[in-house]
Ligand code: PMP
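A single chain comes next, written as structure tokens; it is the form predicted alone.
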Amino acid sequence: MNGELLYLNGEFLELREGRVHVEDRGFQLGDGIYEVIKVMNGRLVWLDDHLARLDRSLAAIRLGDALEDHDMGRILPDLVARAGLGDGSVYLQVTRGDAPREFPFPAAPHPTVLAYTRPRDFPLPSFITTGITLHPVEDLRWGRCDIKSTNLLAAVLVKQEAQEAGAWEALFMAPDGTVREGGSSNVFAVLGGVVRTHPLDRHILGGITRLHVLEIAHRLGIPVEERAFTLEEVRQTAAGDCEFFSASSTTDMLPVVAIGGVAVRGGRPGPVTLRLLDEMRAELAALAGREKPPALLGPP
């Protein structure tokens, strides 16, 4: 196998053979939910957390029974094994299925359930320690960002804008300057030694990696506050006691060294960020059955 394989409504197929109806509501209306799950050494990372979030999102769009005939806790590991996938990801999507194009729900929906594997490379230590840059943008998305919806046009546009501005990722900003999240990531600041991140509400997605960053910080005794902060707070301390990083399922944690052209901590990853990242890399290696990787944070 080449590492790519599709599960579609109960069948395993070559990815290129997959087809959905032209009136599938996910295709025409964005009426669906998705997840992206990291695979390391053939093992799905934090699968139970992803499936729990999937269930929450499906319930939020009143599609809670869509997976009654699909045991994803069994199907996804089987899919990865059949594909012969070592390192990569699984994309999982559930829609309300095909029906004549009308906005109200169909009377008897037939959900489309699909998942496919794809090999991918993860960030190398040299890339991680170089750090990434963010491009601030106004948050013009809909009001339920806590639902992992397939409606991603806003993210597509701002991530393209960020790329054209020479940045790695977009940074969604509220009208009052509050930092919310990245285009496809959660974000954190370390201000005065305290890890800060936007609280869980309808303005951000409850990221799985975000969850584990907070768990690791608590375990290491690093102070944490799920409390909003502004870009101005970051800029006021950007050259001093400030750090910033992003978190997502496929990139884990990435230090941020500049936001909107303003360097953070002189353009270098900070010690709290690297300490958290070293602990996460060790945890992921253990989950994948691999040796603990060398530390990124050198001796003080």
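One-based numbering along the sequence shown. Treat the numbers as computed from the prediction; the structure is a model and nothing was measured.
Only in words, not in the display: the form predicted together with this ligand, which the text now covers.
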Option touching this ligand, based on a heavy atom within 4.5 Å in the predicted complex, out of 207, 88, 131, 97: 207
Indicate whether the candidate residues 141, 186 and 247 are all in contact with this ligand in the predicted complex, with contact defined as any heavy atom within 4.5 Å. yes
Residue 27 near this ligand in the predicted complex, any heavy atom under 4.5 Å? no
Residue 148, heavy atom within 4.5 angstroms of this ligand in the predicted complex: yes
Residue 53: heavy atom within 4.5 Å of this ligand in the predicted complex? yes
Where, among 225-233, 108-116, 67-75, 207-215, do residues come within 4.5 Å of this ligand in the predicted complex by heavy atom distance? 207-215
